[in-house]
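Shown next are two forms of a single protein chain, provided one at a time as structure tokens under the names structure 1 and structure 2.
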Structure 1
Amino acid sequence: MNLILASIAVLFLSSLVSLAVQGKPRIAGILGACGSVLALGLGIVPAVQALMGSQFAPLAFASSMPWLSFSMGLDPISAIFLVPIYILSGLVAVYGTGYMKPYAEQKNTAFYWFFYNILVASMVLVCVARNGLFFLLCWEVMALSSFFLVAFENDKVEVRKASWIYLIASQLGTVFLIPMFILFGNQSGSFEFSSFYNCLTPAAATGCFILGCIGFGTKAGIIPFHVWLPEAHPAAPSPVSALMSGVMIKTGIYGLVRMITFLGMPPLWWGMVLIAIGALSGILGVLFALAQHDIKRLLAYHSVENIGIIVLGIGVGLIGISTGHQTIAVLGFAGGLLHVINHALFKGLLFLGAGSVIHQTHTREIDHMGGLIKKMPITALTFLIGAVAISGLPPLNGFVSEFLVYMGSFSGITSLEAETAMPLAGVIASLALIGGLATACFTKVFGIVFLGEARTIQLDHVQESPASMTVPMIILAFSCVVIGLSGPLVVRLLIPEVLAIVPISGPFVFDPSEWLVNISIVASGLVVLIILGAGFRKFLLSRRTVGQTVTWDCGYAAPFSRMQYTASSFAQPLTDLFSAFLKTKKHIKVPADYFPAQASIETHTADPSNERVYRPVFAQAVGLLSRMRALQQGRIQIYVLYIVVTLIALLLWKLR
């Protein structure tokens, strides 16, 4: 724990030092990044030790505020979330030193580094806090620091709008968390997490479960509480998007898992609710991603999708606990929690890859890109690895975690009664559909952005991003490959820690690593064959003259960029298939003759949760609040009178 505290101290100190040298943006960036990297070196050691089963004594510092104590602890649940927080924050900080250079000429980047390290420190504190009030305090610091990072380019109207949407959503989530902790504190007599275990009546436990799902689900971005996510990620600088999507939204998953451990034996319907939420978020998230043209908005919806996969795993785990089947519970939780780590790696990689592209092309619209693999080969290769990983394809890491959820669901189908097994069959169907749609989506993204010819941008000025940006992407891509190929070892290390979380005793008889060994061997063999084939081809061509010409195009010898697929045309068959959910609006110019001068298709897909729920509700709220402006007299005496009247009313209520 001392090293964890040291890492937090380094983060806070480096944030203050960066702010102190705000007149020198280059030095501020170096100091801020060094603080994150040093915190990574300090904090990753105890986090990995806890993940391997080491025990750490909790720490507690008294406070003069009632019910509040600065209690901290480190266990496997915290470690599962701390490992990706430390790794990704350190790599993203290095990436940010190159990405933020153009901003230094126009904006004060010292504030960026100040809030960046505050955000990282607050996420660490959220994961180690062991007091309800202390947890909420860190939770709010995390929300405010990320708000200022999202609003970094506040001179743009869309950025200001997105940042306020994010802040409002964060506070609405906290509104549900406060009564949840009050329920725990009221029935346990303390706000210490150690007193929360099995302290609630069944009705109170159900209330806490519902409040926690809404409060923590809003931070995680589950549907329908996700509306802030596709707004905030495109508005924030790409390093911030990578950090928020990769690890910050996972604090919502951490809170949900931590809360579940307090509630005792869950009823069966809790797992079914989480499966329904996960399936809805996963399927709709990937569908809305498929319909996007903005590369960062597309990746934001994929965050919703992958949070859905994680929640599916937790739902499977809860059904296993409710029915007393240890194998189902362990595989579900293991798959969901491993996907927390895997998603941090490949989604951080994808956002950094998107940032690299945006850094060079100065656009987020994928329809304006094309042919970038020729100018940015490192970015293209690492982005491709991230795309394969997020699609859940072997031999990369996304497959391993989804495989565990699959196996947990299959185990439940073969061992549970029909009515209980039906939701698990839904998990398998949902994962299969999500994986297929994700593959189609990233085929679209990679093909349009990196392959073919440039559409509207000129490739003359485009070049590979600097090493400060490409090296973190290479490390993340390498991590995706390593975890994928060493899946059996990763599972064997994770299962014992999950067994400590699952409150079911008995021997764990099913070993999924046996299945993964065969898959890893076959996948590794394919990778080796591809490498050998590429090397052999290069050897055969080394002594020959290799010419280049245009692609034969049915006799047409002058193909140009307008003959390529656009994002809309590529996705049209799938968006038409799911038009009942997407409600995509099309603008089509049909070819008029055999040699048309113009023909085009444009699509726009609005988020129904935003358009049909939140926008009308907030419009009504704004109208109601505008009628209360008469209370704002602008005179201090009137405001003092309001305070006095409120105090008298509270006194009378107390005396009553």
Structure 2
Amino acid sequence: MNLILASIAVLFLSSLVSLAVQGKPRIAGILGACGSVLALGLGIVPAVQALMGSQFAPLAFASSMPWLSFSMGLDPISAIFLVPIYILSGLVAVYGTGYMKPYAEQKNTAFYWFFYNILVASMVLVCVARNGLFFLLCWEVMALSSFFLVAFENDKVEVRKASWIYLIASQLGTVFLIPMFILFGNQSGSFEFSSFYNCLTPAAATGCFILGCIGFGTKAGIIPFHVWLPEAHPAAPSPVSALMSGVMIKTGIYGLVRMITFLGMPPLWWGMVLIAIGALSGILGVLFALAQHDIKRLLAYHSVENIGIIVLGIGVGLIGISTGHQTIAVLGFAGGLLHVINHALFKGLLFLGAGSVIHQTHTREIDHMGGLIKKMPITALTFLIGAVAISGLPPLNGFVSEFLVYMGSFSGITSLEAETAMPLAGVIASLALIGGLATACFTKVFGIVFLGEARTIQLDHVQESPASMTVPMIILAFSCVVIGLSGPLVVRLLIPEVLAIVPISGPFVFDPSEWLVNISIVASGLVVLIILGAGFRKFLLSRRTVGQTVTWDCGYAAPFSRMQYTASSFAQPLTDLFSAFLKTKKHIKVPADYFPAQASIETHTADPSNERVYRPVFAQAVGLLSRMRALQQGRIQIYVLYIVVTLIALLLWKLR
């Protein structure tokens, strides 16, 4: 516990120090990154220990505010979120030193490092806070510091707009969390988490569940509260997107899981609600991702999809708890929580890879890129590993967590009554659909960005990113492979954490890691087979002539790069099929005459929940609130009058 405190102290200290040396951006960057790396070194030790089953005594510092106390604790549930936070923030900080270098001339990068370290510290604090008010305080610090990071390039109009959307969305989310904590506090008489357990009546618990789903769901980015993700991620610098998408949105999941442990025995419909939310977020998230051609916007929608998978896992787990099936519960939660770690790794990796590409090509438009694998081999390889992992394919880590969720649902449909089994069958079908669509989406991204020929960008001055950027990516890619091949070990680490959530009656008999041993064997076998096959191919070709030519374009002898398929055309059959949800707008200029001179097509997929729900609502709200503007006269006397009137009113109310 002391090491966690020390890591938080280091983070705050380094953020202040980097602000102090803002005149020298290089030193500020190094010091800022050192803070996160040092915090990684310090904090990872107790976090892993907690995962291994060590107990830590909680800490508490009293405060002069009523209800508030700075109490902290470390248990397996916190640890599982702390591990990716520490790892990813350390690696992203190293990456940031390389990525922020070009910005140093135009902007004050010291601010970046200041808010970066504050953000990391506040995420750690959110996970260890054990007091409702303290939690909310850290939650707000987290929201604000990430807001400033999103707004880093605030000289651009679209960045300012995106960061406002982000700020408003996260504040609206908090609006739902405050009554939730008040409800808890009201019923238990204290804001300490330790007093929250099973303190609610069933009706209040239902209320809390709904409030928590909306409040934490906004941070996590479940549909329909996801609108800020596709706006904020393209606007933020890539390392910030990696950090936010990789771990910050997971604090929403942390809140959800933590809240579920307080609520006691869940009724069956909670699990079903979570499954419905998860399936909706997963399927629509990946569909919207397919329709995008801005690489970071696309990855942002994939975060929505993966949060959907995590929520599916938690939903399966809840159904397991409420029906009393240990196997289903353990598999569901283990799958969902392992996906938290996995998603942090591969989504962090993908955002860093995207950043590396944007760094070199200065565009986020996928349709302009192509052929980068020849210039940026390391970025391409690591991005490929991330892409395979996020598509949930073996032998990488994404498969392991999706496998657990699948198995939870499969064992559910074989052992439960039809009414409870049906939602689980829905989980299976939607996971399969998500998997297929994710494959479509990431073949698109990888194929169009890295393969083929460059479409409109110039490849001449593109080169591989510096080592400070590639090394973190290599480490992340490597850990994706390691988790993919050592599933049983990782899951064994997860078991104590899952048991903390699942109220087990009777001895714990089921161990999913036994199943995963087989997965590891087959996955390793697959790797061996690939190596053998490569050797065989090499042997076959060793004595033969190997020629080079242009691509066979059905006899056309002078193909050029603009003739290639683009991301939009690749995704078009699927986006047309689901056009009822996507509402893609097309601006087509059809070729005319026998020798058409000009033709163009432009597609744009706006977010319907943004277009049709939030925009009208906010337009109404603006109309309503503008009437209140009469109160704002801009004269100091009037404001003083308000204060006086309020004070008198309060006095009257108290003396009544």
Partner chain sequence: METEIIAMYAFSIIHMFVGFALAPLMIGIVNRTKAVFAGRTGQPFLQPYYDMVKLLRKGAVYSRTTSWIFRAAPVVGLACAVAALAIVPFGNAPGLLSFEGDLVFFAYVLGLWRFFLVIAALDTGSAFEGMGASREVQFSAMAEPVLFVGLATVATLTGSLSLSDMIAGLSLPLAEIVLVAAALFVVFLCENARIPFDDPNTHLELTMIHEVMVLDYSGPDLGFVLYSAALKFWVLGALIIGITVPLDEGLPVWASCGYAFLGMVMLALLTGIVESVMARVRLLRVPQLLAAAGALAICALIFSMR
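Rigid core (definition): largest C-alpha set, two forms, superposition within 1.5 Å. Numbering runs along the sequence of structure 1, starting at 1. Quick caveat, the model's predicted, so the values are computed rather than measured.
Taken from the structure described as the form predicted in complex with its partner chain is structure 2, whereas structure 1 is drawn from elsewhere.
Core-superposed comparison between structures 1 and 2: CA of Met265 displaced by less than 2 Å. Taking 2 Å as the criterion, Gly535 counts as shifted between structures 1 and 2: its C-alpha moves by at least this amount when the rigid core is aligned. When the rigid core is held fixed, the Cα atom of Gly53 travels less than 2 angstroms between structures 1 and 2. Summarising the core-aligned comparison between structures 1 and 2, the C-alpha atom of Ile648 is found to shift 3.4 Å. The rigid core superposition between structures 1 and 2 gives a CA shift for Pro591 of 5.0 Å. With the core fitted, the CA of Arg544 sits 8.3 Å away from its counterpart between structures 1 and 2.
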